[in-house]
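Just one chain is shown here, as structure tokens, and it is the form predicted alone.
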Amino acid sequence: MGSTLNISISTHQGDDKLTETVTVLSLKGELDSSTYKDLQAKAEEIISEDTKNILIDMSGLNFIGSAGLRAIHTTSNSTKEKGGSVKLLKPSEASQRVLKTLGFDQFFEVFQDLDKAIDSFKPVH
């Protein structure tokens, strides 16, 4: 039986109106070699609709593999081309270990609080 990944999408705006609109991709299940294309396709779809700031909520992930990390990296590169970024929210302990082991914690801001994560997308002037 293959892995499953459910992706739900929500849009948030910070309280102070200086914060840019942020699209949250909430992942539930496993992000691995059999599901990473689902994340890439959904990310490409929303980026093509002018989304440039993405927060990936990892709190519902049971597992993340190297293919899943590549999908996050690809998504990040696509948002950077539009002047945006990808940040991570609430990775599990296991996911945090994978991120740290592979050095991804050096490239992605990781948050434990949704509001703080949303507010971190303030534009730089």
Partner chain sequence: MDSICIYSGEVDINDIHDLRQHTEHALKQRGLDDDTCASLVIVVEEWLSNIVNYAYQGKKGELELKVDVNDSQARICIRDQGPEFNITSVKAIQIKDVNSPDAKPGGLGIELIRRLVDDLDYSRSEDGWNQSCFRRNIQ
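Positions refer to the first chain, counted from 1. Here the structure is a predicted model, which means the values were calculated and not measured.
The same protein also has a form predicted together with its partner chain, omitted here; what follows describes it.
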#### Entry: Any non-hydrogen atom of Ser92 within 4.5 angstroms of its partner chain in the predicted complex
no
### Message
Taking its partner chain as it sits in the predicted complex, is Asn77 near enough to touch it, meaning that at least one heavy atom pair lies within 4.5 angstroms?
### Response
yes
### Task
Tell me, yes or no, whether Arg70 is in contact with its partner chain in the predicted complex, where a contact means a heavy atom of each within 4.5 Å.
yes
### Any non-hydrogen atom of Val98 within 4.5 angstroms of its partner chain in the predicted complex
yes
### Query
Heavy atoms within 4.5 Å of its partner chain in the predicted complex: which stretch among 20-28, 113-121, 5-13, 100-108?
100-108
### Query
Listed by sequence position, which residues of 28-48 have a non-hydrogen atom within 4.5 angstroms of its partner chain in the predicted complex?
Glu30, Asp32, Ser33, Ser34
